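Just one chain is shown here, as structure tokens, and it is the form predicted alone.
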Amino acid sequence: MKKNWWKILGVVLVAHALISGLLLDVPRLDILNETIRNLYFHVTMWFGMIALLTASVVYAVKYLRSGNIDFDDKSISFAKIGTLFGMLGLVTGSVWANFTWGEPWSGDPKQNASAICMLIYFAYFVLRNSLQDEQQRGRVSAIYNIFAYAAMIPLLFILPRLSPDSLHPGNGGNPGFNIYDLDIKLRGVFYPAIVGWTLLGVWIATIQFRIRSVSRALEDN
């Protein structure tokens, strides 16, 4: 139980976000109305994605420095779950955009940049699968992972803010959600949900890593 407290916490916080997002009252903001509930899912999953991809690139650097294959396994495990969270963020964002902007994909700079970011990571998985030698695959994919992460930062956080055409909150001169009247109930769910989704993602990534470790041990035998 002492070792698994963070897993339990993650499940509880995600369950809290799900129940709150579906059942509790939310402030009726202009344009957003009931769609503000997606704040607990779309935005928090993206925060989780950033944390998971950060862990992935950290393990990629550790692998390059040590050559320990476990670091490569952890890197790809975090990258997979981080990309999954990114895709879920794109889907929930498209649903949100359909209600607030009138269409699921309007060519918004933040949407386009997010899609490009996901394609970069898809290419990372294709690259890994194209290499047969274990050490070569680990080194090449680790280097690519670093460049993918370096590309993600301007794509998600810099370029959309510079575009005057962005409809996304916090970009293109639009006010961010912190300027909208988010009451204490929203904040009381939003911030714990970030922690919850991140912990859930870490848990799934560790399961992925254990599966890879067991598969490797069976192959060696």
Partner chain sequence: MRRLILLVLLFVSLSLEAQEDGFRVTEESYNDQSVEMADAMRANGKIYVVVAVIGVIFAGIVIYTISVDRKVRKLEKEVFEEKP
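Rigid core: the largest C-alpha set superposing within 1.5 Å between the two forms. Numbering follows the first chain given and starts at 1. Values in this document were obtained by computation on a predicted structure and should not be read as measured data.
Another form, the form predicted together with the partner chain, is not on view; read the next lines as being about it.
Using a 4.5 angstroms threshold between heavy atoms, L199 stays clear of the partner chain in the model of the complex.
Annotated contacts: A123, R128 and L131 are all free of the partner chain in the model of the complex [non-hydrogen atom within 4.5 angstroms]. Fitting the two forms on the rigid core leaves the C-alpha of S213 displaced by under 2 angstroms between the shown form and the other one.
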